[in-house]
Structures are given as structure tokens and as C-alpha cells.
Ligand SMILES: Cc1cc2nc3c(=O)[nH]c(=O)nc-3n(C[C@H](O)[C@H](O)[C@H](O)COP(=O)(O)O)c2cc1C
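Next comes just one chain, in C-alpha cells: the form predicted on its own.
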Amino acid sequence: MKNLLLWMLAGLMMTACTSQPKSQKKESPKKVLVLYFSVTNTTKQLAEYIQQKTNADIEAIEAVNPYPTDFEGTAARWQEELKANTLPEIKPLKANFDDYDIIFLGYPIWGDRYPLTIKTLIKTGALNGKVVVPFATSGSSSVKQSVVELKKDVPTIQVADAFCVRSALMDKLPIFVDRELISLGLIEGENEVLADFSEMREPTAEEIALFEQSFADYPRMNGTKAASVASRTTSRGTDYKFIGENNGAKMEIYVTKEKGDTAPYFTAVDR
């Protein structure tokens, strides 16, 4: 799907380079909308960065009854809505979805899923037949499960590769987001070709220490042990893929150690 937008843009270029009768109009460029839901403004920050880099239109999805901005309050309300099988009402959107070909859809990850406000949006049919690029923010979870849910809820959409940025790493948006936008053909640039991870092996004592240091300020990962590890070298440093275990549950944990005297940080957890 990463080649989907490149294919679409290439089609436009071919049309523009073909001689046409003077009376025939050239096709307009594909229009892009950045649509997002944010409670604590973290997803808003990511959405605005994408909008600035791509010069797209942007609009927020807003609940009629706003969610609490504290984690406990938001989690409690979300659990009540799930239990009651109710969807929150959202404010009318100004965007005319017929005007857009590509929609960046942003949301925070709640329990490995997207918020119910996104389900409310889906019920309107606004996303039907669109090319959708999901993007998300989270404390640790990846975006994968929410994409599975999105494809199930809207079978007619074409989903490009999604990406997620941890809320603790918002100062590193150029590292994580520019690569995705270049791959989608929406901004100019050249991405580094990353090597495959090595074969999984037993971690060294140094790697175990690095693993534990990467989530030292994230208590939810306390007690997670590194069972095995793979690595690869990049121009910025070293990426690690750990298999972690916690109370019998296994997960993939991705950690980056940049060059120089910098602390390692984890980028995502796939459960």
C-alpha cells in the first residue's frame, strides 16, 4: 500500500505530460485532508505536523460531550461506552469528503483500538471508498490492531501503511513522520534503506541493561524481561527488536540507541 499514493501521483504526472486538445482540462492534483481526534492535544500536534509538511487541509473531530483530559477519567468513560455499546455524538464536520481523495485519519490508541468517536465517523459513511492513511499516538501500543479494526469496519476503503508515534517521542517527529511521508510520495526526499534485523539470539548483559533503561520512565513496562533480541545498524545508531515476556505474555518491543551519549528509547510494543 505504500506504493498506492506513488501510483496515483504517477498517473497524474502521465496525464500532465500527455498532449491534450486545448479544450480539454487537465486533472486537478489529488486533494488531501488531515482529519484527527485528540483529547490531550498530542494527536493534534502530530496532525498539525503532517498538515504543515504536506500543505493539506486539516480538521478536528470533536465530541459533543468532551472527554476528560486526565487518563483515568477518559478510560472510565470509554469503558462505560463500550459496556453500554453506545457511540459518542460528534460535532458536524465542515469538510466535504467528496472533495478529497486521500484522508490522513489520526487518533490516540486506547486499549489497542481507536476511540469510539472514530466509529461514529465511520457510521456516517464519510470514509467509504477513500484512500486512508491512519496515524496515531500512544503510550506504548502500536497502530496495527486499530488498522485491522478499521479495515473490518470500512471494507471499501484503501488503507495505506499506518504509523504511530509514542507520546513521549513527539520531539522526534521528523525522524518518524518524514520517512512515512516520503514513502507515500507526499514530500520530497530520500529514505535510508534499512537492513533486515539479524536472527534472534540471546541478549547480552549490556543489551538487557539497554532494554530496561529504554522504559525506565514508563512504569507499565516494569517487570518485562528480555527473552531474545535481534538488531540492525542504521545511520543514526542501532535498532533492536526484543521479544519481551511479562506474566507469561510475549510481545515485540522495538528499541533505538542513537549514536553518542544518548539514552535508549523504545518506539513501539506489538502485543
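Since this is a predicted model, take the numbers as computed values, not measurements. So that there is no doubt, residue numbering starts at 1 and follows the sequence shown.
Another form, the form predicted in complex with the ligand, is not on view; read the next lines as being about it.
Asker: Within 4.5 angstroms, counting heavy atoms, which one of the listed stretches 131-139, 94-102, 148-156, 178-186 is next to the ligand in the predicted complex?
Answerer: Of the options given, it is 131-139.
Asker: Within 4.5 Å of the ligand in the predicted complex, heavy atoms considered, which of A160, L116, I109, I122?
Answerer: By the 4.5 Å criterion, the partner-contacting residue is I109.
Asker: Using a 4.5 Å cut on heavy atoms, which of N65, T204, N55, N41 is close to the ligand in the predicted complex?
Answerer: Answer to the contact question: N41.
Asker: Any of the heavy atoms of T74 lying within 4.5 Å of the ligand in the predicted complex?
Answerer: Judged by the heavy-atom cut-off of 4.5 Å, T74 is in contact with the ligand in the predicted complex.
Asker: Quick one: does S167 come within 4.5 Å of the ligand in the predicted complex, counting heavy atoms only?
Answerer: S167: contacts the ligand in the predicted complex.
Asker: Answer yes if any heavy atom of F197 is within 4.5 Å of a heavy atom of the ligand in the predicted complex; otherwise answer no.
Answerer: Taking the distances in the predicted complex, the answer for F197 is no, it never comes within 4.5 Å of the ligand.
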